[in-house]
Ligand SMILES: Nc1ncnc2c1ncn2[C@@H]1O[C@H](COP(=O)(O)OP(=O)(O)OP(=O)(O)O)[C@@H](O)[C@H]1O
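Before any questions on binding or motion, here is one chain by itself as structure tokens, the form predicted alone.
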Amino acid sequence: MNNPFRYGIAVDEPYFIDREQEMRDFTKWLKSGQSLVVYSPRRYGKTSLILKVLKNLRKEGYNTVYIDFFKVNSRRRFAEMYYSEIMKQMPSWEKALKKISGLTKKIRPVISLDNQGLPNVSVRFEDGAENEDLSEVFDLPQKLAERKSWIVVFDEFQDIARLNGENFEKELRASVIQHSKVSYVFMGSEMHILLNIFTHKNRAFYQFGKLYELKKIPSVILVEYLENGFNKSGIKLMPGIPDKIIEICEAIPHYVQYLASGAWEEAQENNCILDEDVLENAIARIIMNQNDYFMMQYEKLTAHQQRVLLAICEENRNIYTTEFAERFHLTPVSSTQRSVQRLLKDGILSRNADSYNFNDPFLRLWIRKIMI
């Protein structure tokens, strides 16, 4: 049997876990013309979710564009990726090139063929200036929309900072505010940066779309998914193991899949039995495999930031109280506040109401095992 669990990539069936309500809501809103701002910490499954929504919308005849801003390092690169995504929606690249060329004057798509005869898209700036206004690129989905609207997704949108941030925002906003036949999804994992773009009155995209925080998948659904995966692949599952996997991984979908995959491999070496000892072996192996990476992360921190992490391993609430500072030798409280802000910015911690959590639960286990 193949391993029934997948992690580290965007997944579809049979590895996709639930999100049925979110899929219904996103589909309904996008088809009605509503634009969305979707945010959550990393590893919650935003990309898998939106790609599945786009796949279903394409089956209904909608044209879709997906751009990951993590891969966009220049305005030229954005234009190339945007043209390439748009061309994928057309019957042939020849027809796509002809149609797009008829709608653009300043930024032209250029097609070259690779060794296999497949098209590569580049762009030519007619006046030679790469700071050319990109509005004719932004406007293409609106101009190409016919019977059904287009759906455009910008993933990790907070990374526009690399494109002269607010100026790019203003250019994009000036175009998309005019688009009646395009729905947009802006997604991001650096939540405080993304939300600042859409909730700060001085930003171009202030109140542009419907804000939606993607939550964790309910544990009851995760339990059912894990039980089905293990049972169908011939693993004898001891009682309570799915709950323990979910608890260790704090119900974060990526890490649930990660640990379940490792536990499945360990069970294969243990007569296809998954009990607590086998699960502990899987955890130990994951921590060992990640040791160098975790050590590198830890060594980059200041001594005070390291002490804050050690403290949050023990207690993750009320961390700015005098009692907490004295208990973990973190006085003054202002130093703890500065350290936590840095750890939040670096993506090591995230805040949920009044608690602070590790974005990677295995980093927390590593610290407890190695440093405490």
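The first residue of the shown sequence is 1; numbering continues from there. Computed from a predicted model, the values in this text were never measured in an experiment.
Below, we turn to the form predicted in complex with this ligand, even though it does not appear here.
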**Request:** Choose from 176 to 184, 252 to 260, 231 to 239, 295 to 303 the stretch whose residues reach within 4.5 Å of this ligand in the predicted complex, heavy atoms counted.
**Result:** 252 to 260
**Item:** A353 within 4.5 Å of this ligand in the predicted complex, heavy atoms
**Value:** no
**Message:** With the partner left out here, check for me: in the predicted complex, does some heavy atom of R19 sit within 4.5 Å of this ligand?
**Reply:** yes
**Asked** Should R42 be classed as touching this ligand in the predicted complex when contacts are defined as heavy atoms within 4.5 Å?
**Response** yes
**Asked** Does S48 make contact with this ligand in the predicted complex, using a 4.5 Å heavy atom cut-off?
**Response** yes
**Request:** With this ligand left out of view, choose which of I248, M81, I286, I217 has a non-hydrogen atom within 4.5 angstroms of it in the predicted complex.
**Result:** I217
**Prompt:** Tell me, which of E266, E156, E169, E136 has a heavy atom within 4.5 angstroms of this ligand in the predicted complex?
**Reply:** E156
